[in-house]
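As C-alpha cells, one chain now follows by itself in the form predicted on its own.
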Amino acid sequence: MIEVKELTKIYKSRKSGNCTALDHISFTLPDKGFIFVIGKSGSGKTTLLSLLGGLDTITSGEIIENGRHIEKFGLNEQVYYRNSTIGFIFQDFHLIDDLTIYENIKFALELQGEGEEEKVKKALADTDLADYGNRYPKELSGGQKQRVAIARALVKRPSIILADEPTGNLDSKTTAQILDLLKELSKEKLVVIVSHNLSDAQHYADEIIELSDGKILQHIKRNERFDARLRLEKDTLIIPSGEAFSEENLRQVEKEIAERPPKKLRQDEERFDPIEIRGGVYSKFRPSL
C-alpha cells in the first residue's frame, strides 16, 4: 500500500519564479490494481509519478510505501528502492539499440547484480516475446518495443509498475494490446499509469485520480455493481450511465421491448464511485478532460 500525505513539489527558478507542480495532495493506493492518473498537460501527472518512483525529491509531505518513508531515504536507499520495488515503463521505450532484446532485458538485472537466464526467459514469455530474444530494437514495431520495455520492468519482479504515457506513440489496436497486458499484470501488483486518454481510463482503470493545477480534482473507484448492459428488468428499462451499447445488445433489448413494452425508465448506477477523503468526498465522476 502507498500512502501519500500532503505531498507538495515546488520547482524553483530564478528567471520565472517558483512553480508549484503538486499542491498538498493526499491519497492511498492499494497493493494491487490498475490506477490511472489523468489530467491536462501541466497538471502534475508526470511529477507525481517521478516522486512515487523516487526519481525526484519531495518539497514537503510524505510518501509511505508499506511503512517505508520514501522522503527520508538516503542515496543508497533510493537506489535500492528504484531497483527492487519499482519497475519503470516510459513512452519512448529507452532501449539500447546495440543490444539484442534478450540483452536489453538482462541489462536491467545486471544493474541489480543479477543475471539469471530463467528470469529473462520468463519476462519474455510473459510479454509474448519468447521468439524475439535475438532480435534488435530496430527490427521491432512500436508495440513490440513497448512489450520489451514492460519485460525489462517485469524482470526485476517489482511490486509496483509506474508507466508514463506508455501508449502515447502507438496506434489504437496496439494501445489496446498493451493496456490489456498491463491490466493482466495489475491483478498481482500495483500498476500506476499516467495518461491523457479519458476513454482508456474509463475502460481499464480500477481507480482514477484526476489532477488539475497540482491538485486532485477527483479520486474515484470502479463500482463493482455496475452493469454496462442496456436491459429490461420486469417492467423497467434500465439505462447505464454514460455507456455506448453494442448492436447485439440493442437488438436484444428491442426484441424484448416489442414483446413487453416497459412501463418505467431508470438510469443505473455510475460506473465509478467517489472515494472518501479527509474533510469530505470528491464529486461523482465527470468527464472534465
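From 1 onward, residues are counted along the sequence shown. Because the structure is a prediction, the values reported are computed rather than measured.
Quick note: we don't show the form predicted in complex with a small molecule, though the next part is all about it.
Engineer: Given that the partner is absent here, does Leu265 sit within 4.5 Å of the small molecule in the predicted bound form, heavy atoms only?
Structural biologist: The answer is no: Leu265 has no heavy atom within 4.5 Å of the small molecule.
Engineer: Although the partner isn't part of this model, could you tell me whether Pro240 comes within 4.5 Å of the small molecule in the predicted bound form, counting any heavy atom of the residue?
Structural biologist: Residue-level check for Pro240: no, no contact with the small molecule.
Engineer: Given that the small molecule is not shown alongside this chain, does Gly54 nevertheless sit within 4.5 Å of it in the predicted bound form, heavy atom to heavy atom?
Structural biologist: It does not: once the small molecule is placed as it appears in the predicted bound form, Gly54 has no heavy atom within 4.5 Å of it.
Engineer: Although the small molecule is absent from this view, report whether Lys40 comes within 4.5 Å of it in the predicted bound form, heavy atoms only.
Structural biologist: Lys40 belongs to the contact set for the small molecule.
Engineer: Gln252, Asn223, Ser26, Thr46: which sits within 4.5 Å of the small molecule in the predicted bound form by any heavy atom?
Structural biologist: Answer to the contact question: Thr46.
Engineer: With the partner removed from view, which of 62-70, 227-235, 46-54, 257-265 is the stretch that lies within 4.5 Å of the small molecule in the predicted bound form, judged by heavy atom distances?
Structural biologist: Heavy-atom contact with the partner occurs in 46-54.
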